[in-house]
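Heads up, the chain below is alone and in the form predicted alone; it's given as structure tokens.
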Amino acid sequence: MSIDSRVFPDEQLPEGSVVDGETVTSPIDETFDFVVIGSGAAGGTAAWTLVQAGYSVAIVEEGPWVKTREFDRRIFPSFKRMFREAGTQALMGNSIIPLLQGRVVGGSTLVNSAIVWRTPDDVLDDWSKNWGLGGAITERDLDPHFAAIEEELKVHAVLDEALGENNRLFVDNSFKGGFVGTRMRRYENACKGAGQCLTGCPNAAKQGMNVSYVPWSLRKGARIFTSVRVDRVAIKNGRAVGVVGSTTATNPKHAKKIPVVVHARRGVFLAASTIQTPNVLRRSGIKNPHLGEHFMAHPGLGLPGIFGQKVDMHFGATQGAETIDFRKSERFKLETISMQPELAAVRIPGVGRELVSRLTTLPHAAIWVAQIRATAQGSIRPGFGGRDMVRYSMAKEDVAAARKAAALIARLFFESGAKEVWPGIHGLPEIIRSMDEVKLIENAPLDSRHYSFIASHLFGAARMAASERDGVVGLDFSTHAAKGLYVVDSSIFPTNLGVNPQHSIMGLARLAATRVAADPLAIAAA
């Protein structure tokens, strides 16, 4: 069946279920039981849970709805349309670390690799014993929600037909590095190995919120307001009663901002992400000494290895292999990743004729990465022009973990038959060609400015705690300062995880929405 003849899940939606801020011409003023801010992992899950419980739900999304048929595998047009600030955000500190966030219906689930990990037991134990969560969030609480999500979103390990050579090399050779590499478990249905997760799955196989919980919610009566920015949550008598915002239209024909007010009879779910949520709360009048503090991340770095045979990263699951063997002992997780040529070419050594010549090596390149379970903490503040300013500096111990991971990846590449490795570390040769030269990586400076980090897993800037003295959000997921204002994204996490966070975010959002929907006191009309 050709791609043009298929009906994708983001098509044929109920009439009137999508209100596009790009085209509206008059003010919006509507009322629902619940308003959900954000349509990503947390928002999509919360909306679907509330709709299934029988409530009327509005989803408010700052970005546009880019449909499956509109995806463009080219990096620049995709980044410009689907990423916040066209992918130019950064963490500012002792080095500049690029930050990628989806700003589109589906949020970052549209542009990530759909990797599934339940919240590790040791993290839940830590939250319980050291962060005051007690019995509020336990493995027993979360397991049925994880199981339901895994069934609905078709979670399974990457199949042979979508594995690809980049992932296969990692799995087959991991024992040479002294660890066990496994195929990733992902939210996907009939992945064809297009290798385009970053710019949107062209086959709607990846079960992002844009093709699953959001359209499912609309078919059960929810509405979504796209290209609408929430300026603040309206709070009356200490309770959230709706949201106030405006359209974010970029079309010159509809460039005027149109006011949007969406009333909430029963509550507001804030799922704007770790970066945006603290500033939405600030604009809503929420005050707390921990708001915007304790920001954490998993900075990542990758190394290309060049093989004699073709690897062809254009085919295979974008990220399909991993190991968590070093998550506790060394505070890093190893993964594979495939990159489109425009991004992969950034790491090609040389200039001029040498650079042009080396472009021919891309079909032979594999890229393996490390995400660092960093100890550093940063802060989030309002920035110029409505942007969000993130201050974050990696600790020396975090850079040491990254250096150790980079050396391990380089050694594994050579053990697996690579001819060259490109460290991408300032001060080192652009190319190393033997196992003996890996010692150069092992002795690289412990200065984050020497490394090419990127941040995508974000946590903690509105953390949960039993007391207002210790956190922004209470054990019922409602802010301490305003009842009925529920925060359900990873900003409430007291710590980072050491594994990919989407499943934890979705499990917690489903748990929160289920509890709110089932508790008459929690949902009493304001």
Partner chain sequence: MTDQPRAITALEYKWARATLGTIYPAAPEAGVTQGIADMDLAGFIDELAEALPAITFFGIRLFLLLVALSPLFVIGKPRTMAGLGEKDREAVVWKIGHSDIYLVRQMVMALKATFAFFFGGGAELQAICRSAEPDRAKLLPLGRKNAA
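Positions refer to the first chain, counted from 1. The structure displayed is predicted, hence computed values, not measured ones.
Beyond the structure shown, there is the form predicted together with its partner chain, which is absent from this document and is the topic of what follows.
Participant: Heavy atoms within 4.5 Å of its partner chain in the predicted bound form: which stretch in 115 to 123, 233 to 241, 269 to 277, 352 to 360 meets that?
Facilitator: Of the stretches listed, the one contacting the partner is 352 to 360.
Participant: Is it the case that Trp127, even though its partner is missing from this view, gets within 4.5 Å of its partner chain in the predicted bound form, heavy atoms only?
Facilitator: Close contact is absent here: in the predicted bound form, Trp127 is far from its partner chain, nothing within 4.5 Å, heavy atoms only.
Participant: Give a yes/no on whether Ile348 approaches its partner chain to within 4.5 Å in the predicted bound form, heavy atoms considered.
Facilitator: Answer yes; at least one heavy atom of Ile348 falls within 4.5 Å of its partner chain in the predicted bound form.
Participant: Any of the heavy atoms of Lys192 lying within 4.5 Å of its partner chain in the predicted bound form?
Facilitator: So Lys192 counts as contacting its partner chain.
Participant: Tell me, yes or no, whether Ser456 is in contact with its partner chain in the predicted bound form, where a contact means a heavy atom of each within 4.5 Å.
Facilitator: Although its partner chain is absent here, Ser456 would stay clear of it in the predicted bound form, with no heavy atoms inside 4.5 Å.
Participant: Can we say Arg168, Phe175 and Glu430 each have a non-hydrogen atom within 4.5 Å of its partner chain in the predicted bound form?
Facilitator: The answer is yes: all three residues contact the partner (heavy atom, 4.5 Å cut-off).
Participant: Just one of Ala86, Leu446, Leu440, Ala395 has a heavy atom within 4.5 angstroms of its partner chain in the predicted bound form, so which one?
Facilitator: Selected option: Ala86.
Participant: Though its partner chain is not shown, can you say which of Gly181, Gly305, Pro215, Gly292 has a heavy atom within 4.5 Å of it in the predicted bound form?
Facilitator: Of the listed residues, the single hit is Gly181.
Participant: Just give me the residues of 296 to 320, first to last, that have a heavy atom within 4.5 Å of its partner chain in the predicted bound form.
Facilitator: Heavy-atom contacts within 4.5 Å come from Lys310, Asp312, His314, Phe315.
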